[in-house]
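A lone chain, given as structure tokens: the form predicted alone.
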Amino acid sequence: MNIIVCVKQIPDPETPAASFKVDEQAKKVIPAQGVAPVVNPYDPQATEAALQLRDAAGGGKVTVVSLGPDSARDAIKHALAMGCDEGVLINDDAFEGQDNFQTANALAKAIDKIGEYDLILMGRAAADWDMGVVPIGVAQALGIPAVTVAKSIEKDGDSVKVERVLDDGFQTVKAPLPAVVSVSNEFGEPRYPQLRQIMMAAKKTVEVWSASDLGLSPDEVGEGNRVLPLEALYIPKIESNVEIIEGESPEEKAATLVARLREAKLI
């Protein structure tokens, strides 16, 4: 069974609030000093699912793909240390500032270039923007089914059976292969790479593809060609004004509260 796993490197979600800064003019997050980026926390579950499916099928190949800067190799190396077979990094300055829809298109082009695949797995969302649109976007670009927010996955002949997480329970669906499935944290804890596996992964070569390698034209990539324009990026300012209602009795406090609400034209 040949599986492709898409992973992403993001700013550490555990970054102290005081260290998190945004350049509102440039509409960009300023990397926190001394805090290294990390693998998107949902992606190791997708990697674990891929490895379990490969092993259950008795063989195959798991290829891990990431779009990002050169440092995104670390996210790929982590998946390789878990047991993936090959890694591909999509790295090009032309991708700077693009949106999730452009990213989905670039990943779909890379998957086409990889060739043979039975299943594409991703985390349910990236924890930085938390939009969860890339899995569906990749499926749409490739013209194949998509199943989202999976807690369990199993191959069933020429199909994949997925148990999905809903707000009020679970849903089991079946989709023909090839398909895209996004994996949720409910899938379970991923395996932790051992030192020997980490050392072996460090020796593996990660192939690097540019926008031109994927056949992407200049008008398909970059901030100027975003499908979803970014109007503003800022840290919300949270302010609160609290007034303690005083009074000799509950009735007096209630009357004062009503007077305040009427002054504010809330009642």
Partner chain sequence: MSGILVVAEVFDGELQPISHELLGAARKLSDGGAGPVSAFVAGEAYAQDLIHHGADTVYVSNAQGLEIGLADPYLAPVNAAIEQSGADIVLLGQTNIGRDLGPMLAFHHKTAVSMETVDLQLQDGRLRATRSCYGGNARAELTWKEKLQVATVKGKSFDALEPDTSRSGEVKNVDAAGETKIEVLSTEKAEASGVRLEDAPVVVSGGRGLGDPSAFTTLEELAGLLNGATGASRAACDLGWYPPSQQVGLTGKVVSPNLYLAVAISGASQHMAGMAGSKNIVSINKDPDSNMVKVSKYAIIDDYKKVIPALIEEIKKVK
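Since we're looking at a predicted model, the values are computed, not measured. Residue numbers count along the first chain shown, from 1.
What comes next is about the form predicted in complex with the partner chain, which is not displayed.
The partner is absent here; in the predicted complex, the one residue of 200, 29, 208, 38 having a heavy atom within 4.5 Å of the partner chain is 29.
Site annotation in the predicted complex: the residue of 104, 76, 84, 121 reaching within 4.5 Å of the partner chain with a heavy atom is 104.
Note that among 109-117, 136-144, 191-199, 85-93, the stretch whose heavy atoms approach the partner chain to within 4.5 Å in the predicted complex is 136-144.
Within 4.5 Å of some heavy atom of the partner chain in the predicted complex lies at least one heavy atom of residue 175. In the predicted complex, the partner chain sits within 4.5 Å of a heavy atom of residue 169. A residue is said to contact a partner when one of its heavy atoms sits within 4.5 Å of a partner heavy atom; residue 152 fails this definition for the partner chain in the predicted complex, lying far away. Among heavy atoms of residue 233, some come within 4.5 Å of the partner chain in the predicted complex. Heavy atoms closer than or equal to 4.5 Å to the partner chain in the predicted complex belong, across 213-230, to the residues 225, 226, 227, 228, 229, 230, ordered by sequence position.
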